[in-house]
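Just one chain follows, in the form predicted on its own, and it is written as structure tokens.
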């Protein structure tokens, strides 16, 4: 039984397929907390269209540059390419796009008609700034307050520069503020100004608390008040400001999360000779991401597992000389709850002259001073996740002040959700944050995966541990353009493939016969499930009933490009397989383009149909050249062979119509480099009668 039926009415006479793309999502998009349209922006990047790519990224993700550096990339964890070889390096492609385009290279979002409503936002981190952007788009006037002198929250003030260069944060903040978001930095809400003052005296209609977790916790053990026993945020923020904390040569970091890894690796860069992480967890339980732990170890950090601190030891001069730690027998109980147990008979002493507590963060409730908000003993406020409201209806909250600790992209989603709630409140409508998402495309069937050509993931240039541990400069480079587009072309375009229009399908079995991935199933009509389709376009080009469309581009889009080229004065059109081409070739920026020759680059020539070839002549082209990649060097198998069959068929029809068939030729050379392609283009221009 079909779970959906699509017919010609669903794409209309114009052949627009965008609506079909929203009927189901690839796992990468489902897995992204903000549900960014990963497939589409990766496809833009693959063709060198960086302006299009950044606009798609920023449609859902305000902190694009930051996430290009430090996102935990759940999109990659869900990438179906992993069932073939390795996931697409989505974060690295995003980084390339965001940093290449910068703050000025992305379009601004449309701003709604002014509502006359003002919203005060406490906290300029990813959650608060994302909310501000959304509120501006709704037409409200957001003003963001932060006690720090820079906007960006923890990414700007705390995350080490070797992981996140300051420019990445600045370009995201600048782009957000360009939408009319006002920043008031250096203002400590609850101290300099109260929430009550904002609502009553300054006339704000609503307040959003996005203050985050700004305090580091310490353990109540002997010696924790020593001047060389640091809360981790204080420690990292001191370094981020360009200052050097007082540390010795023997640093112990208590904790094993990502912030603990930051503290340990920062200590290495400050010159500490011995840096150790002391944690309750074993190898499988450590909460830090695998790559953070691995990179720390590569830089010489020692990890001491299953030990809990008892006390910090000092000598007669009050200098730290060690840390006593007892054996941990378990961290979690049978239900998975944090419930450590210890063996007090097994205590060791770990050498140390500096201790850093990285055991978690807590909120600073100071923002609530002078307001009617109720704050509990943990610094938490009452919050309704269904409406994002606190116990005061026009005061809302988002981010880690009310949610579990998370990532930047999760903070962005929380802020966007809160903005939606505030807009409903200010508009006088019921707050409804219910979310329903399209169907998720399932795993790649084994029979389809067998025919997908394996492509190695492009590595990101990374400094050696010996070099990177001596500097706070970024230790990972950004892709260069051709490497970025090559990596983007590993994307399988999940969800962008073929769709059968059931009102046109005659169940002729052609799609079943020509598909290199064994995707179609034919009963009364053909059905091509997204799980197996690789979006090559062969079936669309060869369907005799014109019953197949490709969801990732509109029907007849190649004819539209061809007409634009002819109208612009080109006499000859070349359809070129772009899988091996540079970004400059796709954009027509090589500088060696031939007058009168329009080069149209395609993901593959697999989708060029006989009707496309004949159409070019119908509207005035004097010659058409098709240049696929040679067999085995294309994105898809069978492309050159199938393209050649269509060219031969079109040549026969041209001859029958009295047109010289030599005006249509094919040459397999798109994978041989620019010089080979240009040579073929010149020969074609020089050797045909249309030039005489």
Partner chain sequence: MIVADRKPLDEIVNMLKPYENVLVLGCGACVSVCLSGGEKQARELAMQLNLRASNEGPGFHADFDCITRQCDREFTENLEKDPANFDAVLSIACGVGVGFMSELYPETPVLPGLNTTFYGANTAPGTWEEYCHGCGDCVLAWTGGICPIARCSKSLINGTCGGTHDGKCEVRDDLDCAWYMIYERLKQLGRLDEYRKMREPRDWGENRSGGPRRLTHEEVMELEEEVSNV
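Positions refer to the first chain, counted from 1. Predicted model only: the values in this text are computed from it and were never measured.
The same protein also has a form predicted in complex with its partner chain, omitted here; what follows describes it.
- Only one of 616-624, 508-516, 416-424, 224-232 places residue heavy atoms within 4.5 angstroms of its partner chain in the model of the complex, namely 508-516.
- In the model of the complex, no heavy atom of residue 69 sits within 4.5 Å of its partner chain.
- Taking the partner from the other structure, its partner chain in the model of the complex has a heavy atom within 4.5 Å of a heavy atom of residue 649.
- Interface membership of residue 638, defined by any non-hydrogen atom within 4.5 Å of its partner chain in the model of the complex, is confirmed.
- For the chain shown alone, residue 319 is not a contact residue for its partner chain in the model of the complex, no non-hydrogen atom being within 4.5 angstroms.
- Proximity to its partner chain in the model of the complex, defined as a heavy atom within 4.5 Å, singles out one entry of 560, 463, 453, 108, which is 453.
- The partner is absent here; in the model of the complex, the one residue of 524, 290, 284, 344 having a heavy atom within 4.5 Å of its partner chain is 524.
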